[in-house]
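As a starting point, one isolated chain is supplied in structure tokens, in the form predicted on its own.
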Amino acid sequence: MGLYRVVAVVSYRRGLKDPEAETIYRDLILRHGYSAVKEVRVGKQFTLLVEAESPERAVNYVKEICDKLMIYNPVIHELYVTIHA
């Protein structure tokens, strides 16, 4: 058993409006001349310290938590779960 820092990020699915990201992109980034930036995505990040037998099990455990507790809406959100190094 080991302890793993697992990061879950929830963001809007591609193709759906992300009003916060659009505002940041339009009113901050472009307005201040950072034209090399072509897209902004905003998400919520959760960091969990998980005890598990392997990194893969820790990731799967967090995915299960997010699904069962409905931490995100799979119709409009994407979920990315990774081990934080």
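Each residue number is its position in the shown sequence, starting from 1. Computed from a predicted model, the values in this text were never measured in an experiment.
A second form of this protein, the form predicted in complex with a further copy of the same chain, is not displayed here; the remarks below concern that form.
When contacts are judged by a 4.5 Å heavy atom cut-off, residue 43 counts as touching a further copy of the same chain in the predicted complex.
Taking the partner from the other structure, a further copy of the same chain in the predicted complex has a heavy atom within 4.5 Å of a heavy atom of residue 50. a further copy of the same chain is not shown here, and in the predicted complex it never comes within 4.5 Å of any heavy atom of residue 54.
None of the heavy atoms of residue 59 is located within 4.5 Å of a further copy of the same chain in the predicted complex. Shown here without a further copy of the same chain, the chain has 61, 64, 65, 68, 69, 71 in 58-75 lying with a heavy atom within 4.5 Å of that partner in the predicted complex.
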